[in-house]
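Heads up, the chain below is alone and in the form predicted on its own; it's given as structure tokens.
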């Protein structure tokens, strides 16, 4: 195969399936990143339960999507992909649950970061 034929095949293969869904997912990832950037100053100037739980959800989702892309790039084989996705889902669930537990039963994310910076 000449290289241009192979690259044309790869391009056709990538764009033929769910390109609209992929585009919407990419847009959602970027919007979440911008939202996380905006949450920093809000958390600093106006800490509280609303921002603590918002950070818990946004950070967990950001990490889930990021690790999902790593799995997409580096895990191959149907069984391995299913196991990796199940492990990622479990990790994300435990992360979100842990952050919510920390927010409810301890000082919360904002106050914890403030305490780290104060020492």
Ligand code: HEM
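Residue numbers count along the first chain shown, from 1. A quick note: this is a predicted structure, and the numbers were derived from the prediction, not measured.
Only in words, not in the display: the form predicted in complex with protoporphyrin IX containing FE (HEM), which the text now covers.
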Under a 4.5 Å heavy atom criterion, is residue 76 part of the interface with protoporphyrin IX containing FE (HEM) in the predicted complex?
no
Check whether residue 69 has any heavy atom within 4.5 Å of a heavy atom of protoporphyrin IX containing FE (HEM) in the predicted complex, and answer yes or no.
yes
Is there a heavy atom of residue 80 lying 4.5 Å or less from a heavy atom of protoporphyrin IX containing FE (HEM) in the predicted complex?
no
Since only the chain is shown here, I'm wondering whether residue 51 would be in contact with protoporphyrin IX containing FE (HEM) in the predicted complex (any heavy atom pair within 4.5 Å).
no
In this chain shown alone, the residue from 33, 93, 85, 46 with a heavy atom within 4.5 Å of protoporphyrin IX containing FE (HEM) in the predicted complex is 33
Pull the contact list for 44 to 60: residues with a heavy atom within 4.5 Å of protoporphyrin IX containing FE (HEM) in the predicted complex, in sequence order.
59
